[in-house]
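Listed next as structure tokens is one chain, alone, in the form predicted alone.
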Amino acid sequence: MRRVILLLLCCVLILGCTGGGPKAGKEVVKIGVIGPMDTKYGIAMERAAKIAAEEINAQGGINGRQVEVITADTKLNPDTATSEFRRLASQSNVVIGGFSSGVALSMLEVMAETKTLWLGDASSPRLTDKVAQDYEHYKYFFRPLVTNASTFPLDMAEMLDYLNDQGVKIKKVAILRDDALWTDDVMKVLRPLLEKKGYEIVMDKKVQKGTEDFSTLLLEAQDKADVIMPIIAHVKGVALVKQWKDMGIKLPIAGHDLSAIDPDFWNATEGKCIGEIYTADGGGVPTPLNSKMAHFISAYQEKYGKLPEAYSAYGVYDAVYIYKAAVENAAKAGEKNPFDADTLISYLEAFNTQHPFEGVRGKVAFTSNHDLAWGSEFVRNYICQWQDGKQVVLYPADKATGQLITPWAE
């Protein structure tokens, strides 16, 4: 009997030393990165997180603890994603990433159930709407990687205004968009906004993922519109712009083409993307617009021999440092466990428009429902153009690195 009691006491002591669970009492801070890891978006996430972790470890870690990055692949499948998120939730202090809105919405329920802090990526308003509607349940979700899809129309409307100001006369708009949840959310805002500004949407076509032949759509757009406005992330823009150039379509392409942000896009399109105008998601464009971005781009090139593959790299890098700052602020305030998810909510919320976090993309601030604050003073989707193998920022004016060119009109 005495031996049994001693064994029980040993078990209690062991559990007490380990914190009694996978999240508690860690001597290593584990940052989980989740996304479509066999795509450039997931690759960029993992690489950026590892650069941040290495830098932080060299500076002494987070609150004295070394950082370790662990990854999970959603495979862009909701069932796989929820299973992998649950695994990360049991092993990590925080989860960063996401990408697809439909997949992210499925993971949101696992986040709420496990009370896991998630600094997410995916643009659907429905994610942060849930924070507003049921704060206690969904308060663990913050979106620092990309702006809410409802802000995309603001940038695209300004894009059309900018083109008109530059002498490119546009009134009729042809939209080609992903057959996906997120573009439905975009259109709810974009359609009335463009109509209010005097633009007419004369064509609105959903395009299936994997589409390679855009010729019929391009010809229809040329007959009806003054501009082709893509709203695509799942559909690849390479085939679209190659056919646009080969067919000699005399309309600008100006919109949201996620593929165009890729630094390899020029080579992938054989230079046929020259003149394409696009928004750089969440400020993620490989142009050193401030000293922190210049440092990150340089570090990425030094470690991986190339520019960041996708916008997600910039947001993930910021997210790791935002988490670090929140933990250290909690520790300075005397919190008993500065790594506790519930404890950290208020410290993340403290990065608001009055007290933003200074990141590689500029000022990062959260709204009351944990969205990324949009605006010229904060993170926004820059209006860019491909010119002679380079990505040039056209707008806003204070970030511009070049002037508009109009090769489609030649």
Partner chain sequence: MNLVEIVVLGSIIGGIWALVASGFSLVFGVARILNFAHGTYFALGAYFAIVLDRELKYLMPELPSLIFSIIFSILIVGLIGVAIYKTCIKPVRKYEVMVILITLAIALLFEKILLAIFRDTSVSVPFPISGVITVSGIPIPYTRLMALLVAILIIILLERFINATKTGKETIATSQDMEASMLIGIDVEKVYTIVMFLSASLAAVAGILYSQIYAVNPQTALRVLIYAFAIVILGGLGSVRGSIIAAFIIGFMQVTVSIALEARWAEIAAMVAIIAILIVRPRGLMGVE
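Positions refer to the first chain, counted from 1. As the structure is a computational prediction, the values presented were derived from the model and not from experiment.
Note that the form predicted together with its partner chain isn't included here; everything after this is about it.
Peer 1: Should residue 246 be classed as touching its partner chain in the model of the complex when contacts are defined as heavy atoms within 4.5 Å?
Peer 2: Yes, contact at 4.5 Å.
Peer 1: Might residue 206 be said to contact its partner chain in the model of the complex, defining contact as any heavy atom within 4.5 Å?
Peer 2: Because a heavy atom of residue 206 falls inside 4.5 Å of its partner chain in the model of the complex, the answer is yes.
Peer 1: Heavy atoms within 4.5 Å of its partner chain in the model of the complex: does residue 324 have any?
Peer 2: Residue-level check for residue 324: no, no contact with its partner chain.
Peer 1: Can you work out whether residue 179 and its partner chain are in contact in the model of the complex, taking contact to mean some heavy atom pair no more than 4.5 Å apart?
Peer 2: Residue 179: yes, in contact with its partner chain in the model of the complex.
Peer 1: Could you tell me which of 198 to 206, 326 to 334, 299 to 307, 160 to 168 sits within 4.5 Å of its partner chain in the model of the complex, going by non-hydrogen atoms?
Peer 2: Within 4.5 Å of the partner lies stretch 198 to 206.
Peer 1: Can all three of 294, 400 and 410 be found with a heavy atom no more than 4.5 Å from its partner chain in the model of the complex?
Peer 2: Not one of the three qualifies.
Peer 1: Counting non-hydrogen atoms within 4.5 angstroms of its partner chain in the model of the complex, say which of 129, 340, 270, 264 makes the cut.
Peer 2: Filtering the options by heavy-atom distance leaves 270.
Peer 1: Its partner chain isn't shown here, but in the model of the complex which of 187, 251, 238, 232 has a heavy atom within 4.5 Å of it?
Peer 2: It is 238.
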